[in-house]
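Next up: a single chain in structure tokens, the form predicted on its own.
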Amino acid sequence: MPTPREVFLSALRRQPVPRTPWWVMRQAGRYLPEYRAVRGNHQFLDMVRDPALAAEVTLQPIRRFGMDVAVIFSDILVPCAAMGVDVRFEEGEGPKLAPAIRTRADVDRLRDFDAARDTAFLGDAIRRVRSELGPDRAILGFCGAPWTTASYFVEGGTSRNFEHAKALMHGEPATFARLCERLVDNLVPYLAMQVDAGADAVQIFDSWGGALDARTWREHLLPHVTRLVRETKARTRVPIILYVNGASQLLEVLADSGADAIGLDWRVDPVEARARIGSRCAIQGNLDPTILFASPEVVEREARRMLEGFAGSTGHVFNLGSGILPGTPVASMEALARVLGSVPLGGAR
């Protein structure tokens, strides 16, 4: 019988698997009481930069629910800080970055970083997770996509409309392209460092990609994402997942990126997605995270319905269509585990 790690990697490579592998975006987080117990004594970025704490919260959901994949506890803004921008997380307001990057001179002042040295805490956390996890389950590393990361740089935080980022992209395309180039130059070795430390696959998060139409994404972002995927594959030889939130208008473009799998949000029907993407890549997703606020019986029913939508084709990894929400009942995650046949860390399938 293949191990959970083997099932996950086989699904990403569109090979036949005995069951559907699963993990959940933000599975190490605020819905878990054991996470809140740790978080209550530490600032978020302090946890990210402490390998022991990061490894502990990474493993918490695996111990409870037995997902096939442990996604390392970190944040997509870690490279931004390493490139010389001050990154702070303020309660109730989200991340703040200063100074904002809005001119060519700002872009030029960003520094390249040595991932093994400047983000060594992340590699150490991955090695700690591997030590406890053993060889049978997968570890997933990640980074932010060029658009999402560039948007944080330019906006100086989160944004509803991305006025500054879009203005830079359309008004000064050469400056915007240079910012994306600088990001990819640094993100490739950053992902490679995670693989060297023990990650079996990596995911590129484009949390804000849905703010763009398909023509704009193809013209301004696809070349940079394609290079990020291509050069990371050349250095690591591991599967790459590209997740773009709000991407129903982008599926065909995303499939041209070279990623091994495309992560879907809940707005996309599985049958439609497969018809539009074809066999070019695996698909990950895509249960609506708000369904987890219903009863366990409803969660089980909807999870099975979603699995049926992907039935008959190889290359599916179960996930939510976005990150798990704070306040999600633990009983709902237990319901998912029952549907997907998981065993907590230390148990046997």
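Residue indices: 1-based, along the sequence shown. Just so we're clear, the structure is a prediction, and the values are computed from it rather than from any experiment.
Absent from the display: the form predicted together with a further copy of the same chain. The rest refers to it.
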**OP:** Name the residue from 198, 157, 210, 258 that puts a heavy atom within 4.5 Å of a further copy of the same chain in the model of the complex.
**Re:** 210
**OP:** Name the single residue among 39, 301, 49, 64 that comes within 4.5 Å of a further copy of the same chain in the model of the complex, judging by heavy atoms.
**Re:** 301
**OP:** Just one of 202-210, 188-196, 76-84, 124-132 has residues with a heavy atom within 4.5 Å of a further copy of the same chain in the model of the complex, so point it out.
**Re:** 202-210
**OP:** Could you confirm whether residue 167 comes within 4.5 Å of a further copy of the same chain in the model of the complex, counting heavy atoms only?
**Re:** yes
**OP:** Look up in the model of the complex whether residue 161 has a non-hydrogen atom within 4.5 angstroms of a further copy of the same chain, and give yes or no.
**Re:** yes
Original post:
Does at least one non-hydrogen atom of residue 113 fall within 4.5 angstroms of a further copy of the same chain in the model of the complex?
Top reply: no
**OP:** Although a further copy of the same chain is absent from this view, report whether residue 293 comes within 4.5 Å of it in the model of the complex, heavy atoms only.
**Re:** yes
Original post:
Hey, which residues along 229-268 are within 4.5 angstroms of a further copy of the same chain in the model of the complex, non-hydrogen atoms only?
Top reply: 248, 249, 266, 267
